[in-house]
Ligand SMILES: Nc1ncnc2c1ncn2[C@@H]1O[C@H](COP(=O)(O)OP(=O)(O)OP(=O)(O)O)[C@@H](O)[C@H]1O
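Quick heads-up: it's one chain on its own, the form predicted on its own, in structure tokens.
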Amino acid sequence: MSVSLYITSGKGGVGKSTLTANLGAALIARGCSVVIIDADIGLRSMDALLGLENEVVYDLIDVAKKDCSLSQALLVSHRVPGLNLLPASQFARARDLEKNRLKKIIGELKQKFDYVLIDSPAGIERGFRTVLNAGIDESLLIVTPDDICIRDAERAAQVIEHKELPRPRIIVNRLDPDLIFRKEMLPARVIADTLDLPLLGEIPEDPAVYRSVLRHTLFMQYDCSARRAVLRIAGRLQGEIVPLPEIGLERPSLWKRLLTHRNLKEVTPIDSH
């Protein structure tokens, strides 16, 4: 059964687009067929993340306005064979995307792919609401462990539930085990309980993520903790029972601390006198 997943957040800068691209790659690795819709009209980024920035001819708005066929606009990633992309328009506005046309596009893609991943614009304004009205099956809410993002995620969840859609599941990104153990950062389970939303996954802070962005690759191509976390999330999406590691709640063994030791500098306020 094909599923459309709306991947969104209450605010920008939480790693939503990067996670969407890598989740698509993880589902491909598990034998699924996947297409990503970049719904961030005017600020497209998914083409660059997938190494397709020089191949975009037609985009989502062209398909919606019937200036081209859906098959003409779809691109296939060279880095992740089988991962398809319907790119966003870089010069249009959110109001140029009509919800009924988007609903039809999503329906057509669900006939061809197991998963339709929709990368949302940040915030809860017109672009966000257009996708919510376009007949999505489920939404995933990306949260980072800071009060501002948690507050904004709560508002986004309220909007989603107001549309009488299924309650979103959350993924907590950029968790630092040392800060959690020192009780300076909330663990993923506490964030999920605070939002009263089901926890789909947790992803640790991982240098491989930003290095992959700098190299114009996906972190799924590297053996790293973020990759393993996203593979666990992909398994849960497919109905598997995959235990949560509960990052930072247990003190690592001495051997592991020696192998991964880093100096966590104290943060002290500057004396204003």
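When you see a residue number, it is the position in the sequence shown, counting from 1. Just so it is clear, the model here is predicted, and its values are computed rather than measured.
As for the form predicted in complex with the named molecule, it is not shown, yet the points below apply to it.
Undergrad: Scan Leu237, Val213, Ile28, Leu231 and let me know which has any heavy atom within 4.5 Å of the named molecule in the predicted bound form.
TA: The option sitting close enough to the partner is Val213.
Undergrad: Using a 4.5 Å cut on heavy atoms, which of Val63, Ile247, Val209, Val35 is close to the named molecule in the predicted bound form?
TA: Answer to the contact question: Val209.
Undergrad: Go through 198-206, 74-82, 183-191, 147-155 and give me the stretch that gets within 4.5 Å of the named molecule in the predicted bound form, heavy atoms only.
TA: That would be stretch 198-206.
Undergrad: Please determine whether Asp59 contacts the named molecule in the predicted bound form, using a 4.5 Å cut-off between heavy atoms.
TA: No.
Undergrad: Using heavy atoms and a 4.5 Å limit, would one call Ala122 a contact residue for the named molecule in the predicted bound form?
TA: It does: once the named molecule is placed as it appears in the predicted bound form, Ala122 has a heavy atom within 4.5 Å of it.
Undergrad: Test of understanding: in the predicted bound form, would Ser89 fall inside 4.5 Å of the named molecule by heavy atoms?
TA: Heavy-atom contact with the named molecule at 4.5 Å: absent for Ser89.
Undergrad: With the partner left out of view, is Asn173 within 4.5 angstroms of the named molecule in the predicted bound form by any non-hydrogen atom?
TA: Contact check for Asn173: yes, within 4.5 Å of the named molecule in the predicted bound form.
Undergrad: Just to make sure I understand: among 2-27, which residues lie within 4.5 Å of the named molecule in the predicted bound form, judging by heavy atoms?
TA: Heavy-atom contacts within 4.5 Å come from Gly12, Gly13, Val14, Gly15, Lys16, Ser17, Thr18.
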